[in-house]
Structure formats: C-alpha cells, structure tokens
Ligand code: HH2
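The chain below stands alone and is given as structure tokens, in the form predicted on its own.
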Amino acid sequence: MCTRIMGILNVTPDSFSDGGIYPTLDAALDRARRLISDGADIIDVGGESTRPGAEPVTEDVELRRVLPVVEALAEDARARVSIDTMKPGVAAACLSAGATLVNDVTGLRDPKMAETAARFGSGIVIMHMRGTPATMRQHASYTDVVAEIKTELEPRVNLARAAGIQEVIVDPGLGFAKTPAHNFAILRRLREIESLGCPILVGPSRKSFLASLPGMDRIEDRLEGTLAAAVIAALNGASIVRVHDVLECRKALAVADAVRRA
C-alpha cells in the first residue's frame, strides 16, 4: 500500500506560497518535471488562487494560465494531470487537453462540474469548503467539525455518483473555513470520513494552521510540520496527500506506508 502524492503546480501570481514563481510555460514545465522526478504521482495544475481572501479571476484568464501547461504535461505518461478549478468551462477545456482528474475546491457547488467530469470520464476531488476563498474565514464555526464535514460532503458525493462519475475522491479541506484546532481534529479523526466510501485526499502543505505551532510562523519554516501532517494523514486513512515538497514527502510517506504494511 503506497500513499499517492499530488504535486502542487500553481501558475498564478498570487498563491499564498508559490505565487509568481512559475510565470512562463517553460518555468512551469521545469517545475512539473522536477515534481515528477521527485515522486509525484499526480500533478495538480491551478490557475486561480484559493488562499484566504483571494479574489476570483475570469475563465479566460484562468485558461490562459493553465491550458498550455496541461496540454504539455498530458504528453508525459509518468504522472497523471489534474486540473484545480471551480469552473466547469476550465475543467472541460483541460479534460479535453488530456487531464484526467478535476480538483474542485467548491465541492461541486456548480452541478455542471459533475456533468462535465462525467462526460469526459474523469475523476473528481470533492473538497469541503464553506463560503468562498474571500469569505471562508467567516464560516469556521462547527459543533462537531468532522461530523459536519461528512454531512455536507455526502450529498455532493451522491451527486457525483448519480452523474455517473466512477472515481470520486473526498477532501476535508484543511484550512478552508477551518480554525487550527479544527484542522488538527480532522487529522486525528480522519478515518471517520471513510464512511463516505471514497478515497480521501488531504492537503496540509505549508498551510497557515501550522503557524499556530512554535517556529512555523513563516511559510518557509513549515516543511517539517507539513511532513508530520502528511504522515499522520496517511496513517489515519488518506490515500493521497497534496504537497509542494514532493521529494521530502515521498521519503516520509515511505516510513508511514511501511508501518501500515507491517
């Protein structure tokens, strides 16, 4: 049993950790090839920031950023291509260009996304989020965070299945309308989400909830915290982790996977 790694490739000017670092197609492809050589099973290409407070971009802008990258990566058989988008039009164009997975942070809020994924025979990642990236911090109030995540994800999972999507993955949405305490509780209780009957993806990479712990105020100081969260997620049932630092995560997950097999 090996935990799969989704490598993050943001081709945006304003993502919280790596915005503006890969401004050209060549730079983005160089980064993608490095992620693949480091052990990424999936490359998740995103063209719109979802950091807290982020403002939306138009479909045309997002497509200009992601489509050339997806087209080029689809020719590399070493890793699967995922499109990180909340827009069905962007998803359709990228699936037509060779992507095989849609990572929707809104969790199929637009029903057309399920129809699009089904039409192309792609997989879907349904993430839990309340509000929007611009407003989600206002919605981080729960009586039982894990139970409410399951309750809110279940109808979206049913929607995806009713649309005919065969591969449905759920993501509890660390950092999206969650406080640090919520995020740590999700990691501890992750197996409860298995009752939805879907593989679980967890994305802890460099996120601000880690800054609630000593020595991780700066994004560049969160590698060890990210690795710890990824290992905990794997041991508690995650099938996929979504990270920036693929090589380091692959090594850490090798230990977690060996423990799970022992």
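None of the values given here were measured: they were computed from a predicted structure. In this text, residue numbers run from 1 along the sequence as written.
Omitted from view is the form predicted together with the ligand, to which the following refers.
*Asks:* Can you check 232 to 240, 58 to 66, 29 to 37, 197 to 205 and let me know which stretch has heavy atoms within 4.5 Å of the ligand in the predicted complex?
*Replies:* Only one stretch passes the 4.5 Å heavy-atom test: 197 to 205.
*Asks:* Is the gap between Thr116 and the ligand in the predicted complex 4.5 Å or less for some heavy atom pair?
*Replies:* It does not: once the ligand is placed as it appears in the predicted complex, Thr116 has no heavy atom within 4.5 Å of it.
*Asks:* Would you please decide whether Arg250 lies within 4.5 angstroms of the ligand in the predicted complex, comparing each non-hydrogen atom pair?
*Replies:* So Arg250 does not count as contacting the ligand.
*Asks:* Should Val125 be classed as touching the ligand in the predicted complex when contacts are defined as heavy atoms within 4.5 Å?
*Replies:* Yes, Val125 lies within 4.5 Å of the ligand in the predicted complex.
*Asks:* Residue-level contact is defined here as any heavy atom of the residue lying within 4.5 Å of the ligand in the predicted complex; does Val105 satisfy this criterion?
*Replies:* Looking in the predicted complex, residue contacts with the ligand include Val105, since a heavy atom lies within 4.5 Å.
*Asks:* Does anything in 152 to 191 come within 4.5 Å of the ligand in the predicted complex by heavy atoms, and if so which residues, in order?
*Replies:* Going through 152 to 191 in order - heavy atoms within 4.5 Å of the ligand in the predicted complex - the hits are Asp171, Leu174, Phe176.
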